[in-house]
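Just one chain is shown here, as structure tokens, and it is the form predicted on its own.
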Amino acid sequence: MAEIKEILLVDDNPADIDLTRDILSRNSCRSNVHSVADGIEAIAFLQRQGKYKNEARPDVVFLDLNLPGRDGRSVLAEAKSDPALQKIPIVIFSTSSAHEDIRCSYELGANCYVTKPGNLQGFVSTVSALASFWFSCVMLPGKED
């Protein structure tokens, strides 16, 4: 039986979270999908602080850039500078296709950058492809704890 993958969605759009969660639930890979709506909660989840102290570290993070409180760039920078978190793949999944956002994300250590499609069919196709790639093709680092 395949290992259950832990996924963290960081997005302040409830519709995007719900749709992504639904698409991932239909993927052939078994997964637990967790979500938070801002960068402050994302760091707390990743560092397993407060109400997240018993959560498993994610196998992959889907991170939006434009978040309230603390934006995705800040979350990405902190996660990639923390030795306990830096091996976790972080997929930037944002509506922005700005060259500066893409360049900055890779400079901060993003593992890939994907622009959210503006239509339902494209969104479903993209999330399905991401799930297939990250959970069927990629070799992910093992859990350290």
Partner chain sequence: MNEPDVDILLVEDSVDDAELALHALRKEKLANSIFIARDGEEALDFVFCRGTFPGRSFDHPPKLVLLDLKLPKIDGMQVLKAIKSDPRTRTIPVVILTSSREERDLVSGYDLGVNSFIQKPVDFDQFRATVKSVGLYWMVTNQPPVRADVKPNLDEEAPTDEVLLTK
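Numbering follows the first chain given and starts at 1. The model shown is predicted, which means the values in this text are computed figures rather than measured ones.
Keep in mind that the form predicted in complex with its partner chain is not shown, yet the notes after this line are about it.
Asks: Check, residue by residue, if 129, 134 and 137 all come within 4.5 Å of its partner chain in the predicted complex, counting heavy atoms only.
Replies: All three within 4.5 Å in the predicted complex.
Asks: Pick the stretch from 45-53, 30-38, 95-103, 63-71 whose residues have a heavy atom within 4.5 Å of its partner chain in the predicted complex.
Replies: Within 4.5 Å of the partner lies stretch 95-103.
Asks: Should residue 79 be counted as a contact of its partner chain in the predicted complex, where contact means heavy atoms within 4.5 Å?
Replies: Judged by the heavy-atom cut-off of 4.5 Å, residue 79 is well away from its partner chain in the predicted complex.
Asks: Is residue 87 part of the interface with its partner chain in the predicted complex - any heavy atom within 4.5 Å?
Replies: Result yes; residue 87 sits at the interface with its partner chain in the predicted complex.
Asks: Can you name the residues of 44-65 that have a heavy atom within 4.5 Å of its partner chain in the predicted complex?
Replies: Residues within 4.5 Å: none in this stretch.
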